[in-house]
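Read the single chain below, which is given as structure tokens and is the form predicted alone.
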């Protein structure tokens, strides 16, 4: 009887023990490790096709010579880069591009921040206003440039018609160096300020409400709330908008191509348009590729400085 009892107890213990999981074979374990890389392979191939290969090919072109007809005529080494640094036209284009970027992006960030503060409150009217404010960024830059080209026409443009209707003289928006430069900035601000507005508005609506309630209890004015509460917390978001718009503004081409063609003279010739002229009109592809690589380096340096500023301000 006792033997039967012990046998039953041992059988019960064996039944209660968890079943051992079958071990995977080495082949299955290796396939599991390779699966993420296999899934990412199409993305890597696409990235290499549309990004890495064109950059490497442009680097190859920048060290080659080209004749008048655009045919490669041998290895040039660093000659194209040396020609660029010795070119006064290049430095003028760099100055125009940096000044254009600094003014346009500063205005866009300032207006975007203030408009985001204005429409951040709840309400049906504010919702409609937000939709209206983001419409310009949905339009094609070429379409916007063509519309403003017609509007700024000296003789038949609607802007000069409105000025004359209130007794003011005509303005040659695109025919004078200063007004042409300011007109480009105006068009850029009109189209791309909504992007800054949208980014800052999203960050503003994600901020915690406790600091604002505490500031109101302490009797802080609206300006003090913005200065000492809103701005410090929004600084990383503002820097993100600043980096995105700076990288885009440094490559501005569409508005210049349609509105001014770099003129009058070279007053609005950005670096992108200068390199377009060198490659498409003069067939100097090596010079153009070298110049765009220098612009790429400048863009990386400026973006890195802005990101480091953001990280330093967050750790402070």
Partner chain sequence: MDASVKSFKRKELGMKIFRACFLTVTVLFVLFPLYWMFITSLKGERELFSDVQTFFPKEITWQYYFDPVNGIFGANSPFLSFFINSMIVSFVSMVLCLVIGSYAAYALARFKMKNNRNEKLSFLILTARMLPPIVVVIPMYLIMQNIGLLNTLWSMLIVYIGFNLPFVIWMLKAFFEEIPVELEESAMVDGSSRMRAYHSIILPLVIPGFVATSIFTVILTWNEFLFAMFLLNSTDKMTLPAGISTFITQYQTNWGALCAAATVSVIPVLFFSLLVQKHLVKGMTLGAVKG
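Residue numbers count along the first chain shown, from 1. Take the two forms, superpose them, and find the largest set of C-alpha atoms that agree within 1.5 Å; that set is the rigid core. Bear in mind the structure is a predicted one, so any value in this text is a computation, not a measurement.
Unshown form predicted together with the partner chain; subsequent notes refer to it.
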Completion exercise
Within 4.5 Å of the partner chain in the predicted bound form by heavy atoms, the stretch out of 92-100, 127-135, 209-217, 76-84 is 127-135
Problem - Distance check, residue 140 to the partner chain in the predicted bound form, heavy atom within 4.5 Å - result: yes
Problem - the partner chain contact in the predicted bound form: residue 173, any heavy atom under 4.5 Å - result: no
Practice task
Although the partner chain is absent from this view, report whether residue 61 comes within 4.5 Å of it in the predicted bound form, heavy atoms only.
Solution key: yes
Practice task
Report whether the minimum heavy atom distance between residue 251 and the partner chain in the predicted bound form is within 4.5 Å.
Solution key: yes
Problem - 4.5 Å heavy atom contact with the partner chain in the predicted bound form for all of 184, 225 and 309 - result: no
Handout entry: Interface residue in the predicted bound form among 244, 231, 107, 163, criterion: non-hydrogen atom within 4.5 angstroms of the partner chain
Key = 244
Exercise for the section: May I ask you to list the residues of 84-120 that have any heavy atom within 4.5 angstroms of the partner chain in the predicted bound form, in sequence order? Expected result: 115, 118, 119
Practice task
Taking the rigid core as the superposition reference, indicate whether the CA of residue 265 shifts 2 angstroms or more between the shown form and the other one.
Solution key: no
Handout entry: Rigid-core frame, C-alpha of residue 60, shift of 2 angstroms or more between the shown form and the other one
Key = yes
Handout entry: Large Cα shift (2 Å or above) at residue 247 between the shown form and the other one, core-fitted
Key = no
